[in-house]
Structures are given as C-alpha cells and as structure tokens.
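The data below hold one chain only, encoded as structure tokens and taken in the form predicted on its own.
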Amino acid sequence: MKRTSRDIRTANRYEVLRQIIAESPTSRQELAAATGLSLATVATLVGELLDLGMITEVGFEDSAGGRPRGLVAVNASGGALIGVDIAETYVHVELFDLALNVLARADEDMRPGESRPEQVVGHVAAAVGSVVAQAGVEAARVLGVGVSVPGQVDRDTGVAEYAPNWDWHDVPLLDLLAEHIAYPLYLDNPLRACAVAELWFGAARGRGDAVVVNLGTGVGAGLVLGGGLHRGVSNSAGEWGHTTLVLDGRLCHCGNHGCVETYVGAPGIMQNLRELSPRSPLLHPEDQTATIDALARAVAAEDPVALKAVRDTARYLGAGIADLVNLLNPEVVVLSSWVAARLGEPLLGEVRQAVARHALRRPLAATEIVLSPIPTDPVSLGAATFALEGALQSVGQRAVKRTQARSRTAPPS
C-alpha cells in the first residue's frame, strides 16, 4: 500500500519522539544524525512536539566551536498511555507517563472457560479503570489505550479476526471495549508488542535485525527487519508458532498437527512433562502458571525430571529457533514473555546448545540469543507505544484540518 505524505510525516514524528524518549535530553543535531532526517525536518517536527506539550526545552550544551545547542527532553507529565496485555490466562494492564515509566499496574486472572469476548472485555475494563484510579490521572490526560490480543488482528477495523486458543472468529473487540472505555483504543497482537518493546528499550535497541520469540500459552516471533517492525502484507508476519516442527505430531488449536506451539508453549511443556512422568507432582492439570512455576522451582533444586523436561523443551525450541536464524540471519534472538521469564537461565543455556546443533555456522556466529532484559511486562510496554503512535497520528490529522480551515478562511492576496 502506497504511503501518503501525511503517513510519512506521522512516521517521522513518531521516530523523532522515540529517539527523544530513549535519549533525553538530546539536541536537534543528534536527532538528525540518529534518524537520518534533515536538520530542517527535525527542527519542524521538534517544534510540533513542543506545541503538543509532549517534549520540553531543557537548556543548552556546548558544541565544538559553534553556538550552544538547544536540548529537548520528553515531558513525562505531558500525557498518560495505557498498555493492555490480554493473554490466555490473564489480563495485565499498565499505565505509563510519556517517558514510558510505569505509574500503575493491575491484573485480572482469567480462569479456564472465561474466554468469551464479553468476559474478556469485562476484565480489561476493570483493570483499565483500576490503573487510572491508582495513578489519579485526569481522563483528558490519557492519550490512548493500546490493546494486545493473541492471534490475527485487523488494526484498522479493531477486529480480532482469529484467536485459535479461544476459537474466536471476527470478534469486533475494539467496538466491544469502546462501550466500557472512553479513551481512544488501538489494537495489535503480542508479537508486535514484544518486538517494539525490545526495539525501544530492550535487547533489540540499536539492532537492525532481531527476532523476539514470545513464549507463553501461545508462541510466535516478533520480527525487526532493517531497523523497523516487520508486519507483513496483512499484519500476520511472525506466526512461527504455527509452522510445522513434527510431521503428524500433536494436534494444535489451529487444526494442524505438529506446530511449534504444541511443543514449546506452556500447554506443550506440560505435555512434555506428562510424557516423562505422568503422575509428576509438578503437574497442575488446569493451571499452566502453577505448573511452570513448579517446574522452575524444581529445576533450581536440580530435580532430574524437571531438568529433563526443560532439556526436552529446549530441544524442540532450539530446532525451531535455528530455522529462524538460518532464514532471517538476525543479530539477536530474544526469549520473551512469561514462560521464558520464569524458566530463565536454565532454559536459555539449553536453547543455545540446541540451536548450535541445528543452525548453519555462519548465521549462528552472527547471532546472540538472550533473555529479554525488560523489567516490566514487555507486551504492555509495546501496547502503550501503539497508543502513542495512534495519538501522534490523530494530532497530525487535526493539525492538517486546522491548516485547511485557515487556508479556506484566509483573505485572498
């Protein structure tokens, strides 16, 4: 799809603000160097962001032999953003200031069988109300709510087109949420959210090519290619969890057999453990979180069954990640989301060994494999950046309308 000049301007405004958030305080000259935009373009965009109250002037720095350079920084109190992480077992919501510092958090557990759209919407509305109340922010200061939901989503229409783990088809999620939440809403999925979080604040920062492997109930890969988020033609890129790992293997929710997700997602790990030890006390049949927590504790205690379960999981995961390394030749592969965070270093060490057995030597030599360093929930953080992107787009549209209105009312020269 061809981008308009307005789309390009919005993208440039977003990129300049991203750099300011990452590097505050900074100068217009440094912004031009970091973004590749001309100094004149950066100066114009900085002026717009100053007018919007999103950034502020914070003094000067000496330049080598020239005039002092003016410095700008993000105006943390210039607005609030909300990031919503809807997962199969929980809803986690965080409220951020404009510097993307967390000001409030709320959690809602989702029990098995609580996945009907109206039930999920109820949990999200409760958690959003909770963080706004905790932070004590005025409604007018909330610039938007970014919502991450698993599966295939249409960003433009706000429809969750397909969520296999819930058997959702064409659910008008943003319309349902708008009945309960009065702020602007922006929809995407956790693969994109995790990738953006790592690109802004995590292991993919400053990297041109990265893969963010999201390990939760579901599994996927957020892709950063050529320094930017890769969405694919229908915002569906990264569904690596539904690539075939084992021919005629385990049945997946998507209807196929042998998908990566069925071996390395939380239910797949539970199955790996069940096949090793059907009566293992580590198994909590209806509770993924409790099982993964118990497995992590048992690994720390060097329980042999737990160690073998993690090693088996890492064998499957390593083979799948080796495919990503060979296909995409990334600088870094990041293991993200709650399963990766809970199993941590023991899983990482086994995965590195398994990838080394399967990946080609040259791309492997150029790839780091790391755990996500982001201390907060990466999906909520990434979702909040979608709200920021949407807010910048809407202010850009309002600015265009104001300009058009002025030109219509201006007297002829």
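Start at 1 with the first residue shown and count on from there. Because the structure is predicted, anything quoted here is derived from the model rather than measured. Definition used throughout: the rigid core is the maximal C-alpha set that superposes within 1.5 Å between two forms.
Another form exists, predicted in complex with a further copy of the same chain; not displayed. Remarks below refer to it.
L328 is the sole member of V72, V299, A314, L328 with a non-hydrogen atom within 4.5 Å of a further copy of the same chain in the model of the complex.
Of the candidates G218, G202, G238, G144, G238 is the one whose heavy atoms come within 4.5 Å of a further copy of the same chain in the model of the complex; the others do not. Using a 4.5 angstroms limit between non-hydrogen atoms, D209 touches a further copy of the same chain in the model of the complex.
Using a 4.5 Å cutoff between non-hydrogen atoms, D175 does not count as a contact of a further copy of the same chain in the model of the complex.
Proximity of D170 to a further copy of the same chain in the model of the complex falls within the 4.5 Å heavy atom cutoff.
Using a 4.5 Å cutoff between non-hydrogen atoms, T35 counts as a contact of a further copy of the same chain in the model of the complex. Remark: none of the three candidate residues (I86, R111 and R116) comes within 4.5 Å of a further copy of the same chain in the model of the complex, counting heavy atoms only. None of 161-169, 118-126, 132-140, 283-291 except one has non-hydrogen atoms within 4.5 angstroms of a further copy of the same chain in the model of the complex; the exception is 161-169.
Counting a residue when any of its non-hydrogen atoms is within 4.5 Å of a further copy of the same chain in the model of the complex, the hits in 352-382 run R357, H358, L360, R361, R362, P363, A366. Fitting the two forms on the rigid core leaves the C-alpha of Q353 displaced by under 2 angstroms between the shown form and the other one.
In the core-superposed comparison between the shown form and the other one, the C-alpha atom of H169 has shifted by at least 2 angstroms. Comparing the forms between the shown form and the other one, the C-alpha position of A33 differs by 2 angstroms or more, with the core used for superposition. Wider separation of the C-alpha atoms of R250 and Y162, by 3 angstroms or more, is seen in the model of the complex than in the present form. The distance between the CA atoms of T10 and A210 is at least 3 Å shorter in the model of the complex than in the form shown here.
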